[in-house]
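Quick heads-up: it's one chain on its own, the form predicted alone, in structure tokens.
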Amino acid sequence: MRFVDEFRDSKTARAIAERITRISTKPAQFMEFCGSHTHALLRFGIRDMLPPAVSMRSGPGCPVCVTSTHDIDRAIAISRMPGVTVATYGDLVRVPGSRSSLEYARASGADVRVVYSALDALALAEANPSTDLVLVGIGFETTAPTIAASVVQAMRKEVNNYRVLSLLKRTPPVMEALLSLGEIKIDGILCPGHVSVITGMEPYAAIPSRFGVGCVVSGFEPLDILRAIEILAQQCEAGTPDVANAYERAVSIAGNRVAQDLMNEVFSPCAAEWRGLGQVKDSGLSFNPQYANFDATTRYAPEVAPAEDPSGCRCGDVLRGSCLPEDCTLFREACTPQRPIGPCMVSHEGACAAYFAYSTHT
């Protein structure tokens, strides 16, 4: 709490907040697309520092949260197939599917392992050549190059029992899909810093002209976020939406070309299903033909019953920004981090988990 209070009482933070207040003469609603931004906004009480005219909404910036129930069900079904070990990142293990979760599948005898990176999964495959290792690959453009690197290395080392179930997502296409939906008014986007390190600024270029919405890339320190909100407020007030970089120390216009080339070597854009948004064109990543042997879907196609989302859960609405976590009747009562009903309460990047932890600062 002390460093939170120190931030809010700092001269620099107060000065930026005062400038935002002076700038903002008309209502503006901005959306942060990154779950880490959501947690920082709430943890440091940044929303309370903004004038009444400026409001923030969380978007679909948590890769665990946006993974559809159908895709969770597919991963669970694969984990129950003989001779298969499923590896995934920690948060996804607890995300409920229609009737189970990877955690429950493991308790029932499935071989489900938690790994910290794609290379850890590859090492597991090398250490267990008699078992097929399937990595459930989730994440945005930040994670995709590391998974691509593991596939390239597996090919080079002839590791033939390593496969990936690609549930990877691309950020700019879903931004455009959400803006096209027009469900809520969005006057500016706080773009994700880690994703933008890889992609650079170019993928956001069409959004201001097409939708009249400004895009500002932000870092993750509270002052970074306040500064980015100030730039969005200036653009909104002047009616001059643009793409701006408030994270210059890490993000360039072109991004990381090496990571982009690696990602493009292994994957190509494809349609993908997002929780709360359905199918979004070009928002996923599928394997290129030369790496098809590493695609889990070419080897495993288990029958999966139609997906069923938890009754009463509003995670899809939260991810679209059409409601706050506190608008869900399950929030904090039936749904808690200890007994999560929806993925937004499971993931450490989920909006519901952030509101649960830091709602005293809102």
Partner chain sequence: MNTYEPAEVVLLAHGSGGSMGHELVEKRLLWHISNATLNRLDDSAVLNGHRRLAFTTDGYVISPIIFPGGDIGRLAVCGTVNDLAMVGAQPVGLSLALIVEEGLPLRTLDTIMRSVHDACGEAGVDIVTGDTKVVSRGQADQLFVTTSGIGLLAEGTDISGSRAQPGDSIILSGCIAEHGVAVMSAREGLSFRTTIVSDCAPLNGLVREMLAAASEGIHTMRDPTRGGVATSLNEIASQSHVGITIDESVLPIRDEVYSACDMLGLDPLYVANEGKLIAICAPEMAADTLAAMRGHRLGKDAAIVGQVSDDKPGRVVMRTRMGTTRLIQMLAGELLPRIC
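Everything quoted here is computed from the prediction, not taken from an experiment. Positions refer to the first chain, counted from 1.
Keep in mind that the form predicted together with the partner chain is missing from the display, and what follows is about it.
Q: Would you check, heavy atoms only and a 4.5 Å threshold, whether Val64 touches the partner chain in the model of the complex?
A: Because a heavy atom of Val64 falls inside 4.5 Å of the partner chain in the model of the complex, the answer is yes.
Q: Is Ser101 one of the residues lying within 4.5 Å of the partner chain in the model of the complex, judged by heavy atom distances?
A: Flag for Ser101 set to yes.
Q: Just to confirm, Phe267 within 4.5 Å of the partner chain in the model of the complex by heavy atoms?
A: The answer is no: Phe267 has no heavy atom within 4.5 Å of the partner chain.
Q: At 4.5 Å between heavy atoms, is Asp132 in contact with the partner chain in the model of the complex?
A: Contact check for Asp132: no, nothing within 4.5 Å of the partner chain in the model of the complex.
Q: Tell me, out of Gln260, Thr85, Ser252, Thr142, which residue has a non-hydrogen atom within 4.5 angstroms of the partner chain in the model of the complex.
A: By the 4.5 Å heavy-atom cutoff, the listed residue in contact is Thr142.
Q: Which one of Gly90, Pro289, Gly278, Gly182 is close to the partner chain in the model of the complex, taking close to mean a heavy atom within 4.5 Å?
A: Of the listed residues, the single hit is Gly90.
Q: Just to confirm the contact call: exactly one of 289 to 297, 306 to 314, 25 to 33, 322 to 330 touches the partner chain in the model of the complex at a 4.5 Å heavy atom cutoff, so which is it?
A: In the other structure, the partner sits against 306 to 314.
Q: Only counting heavy atoms and a 4.5 Å limit, does any residue of 100 to 136 reach the partner chain in the model of the complex, and if so which ones?
A: Residues within 4.5 Å: Ser100, Ser101, Glu103, Tyr104, Arg106, Ala107, Arg113, Val114, Val115, Tyr116, Asp120, Leu124.
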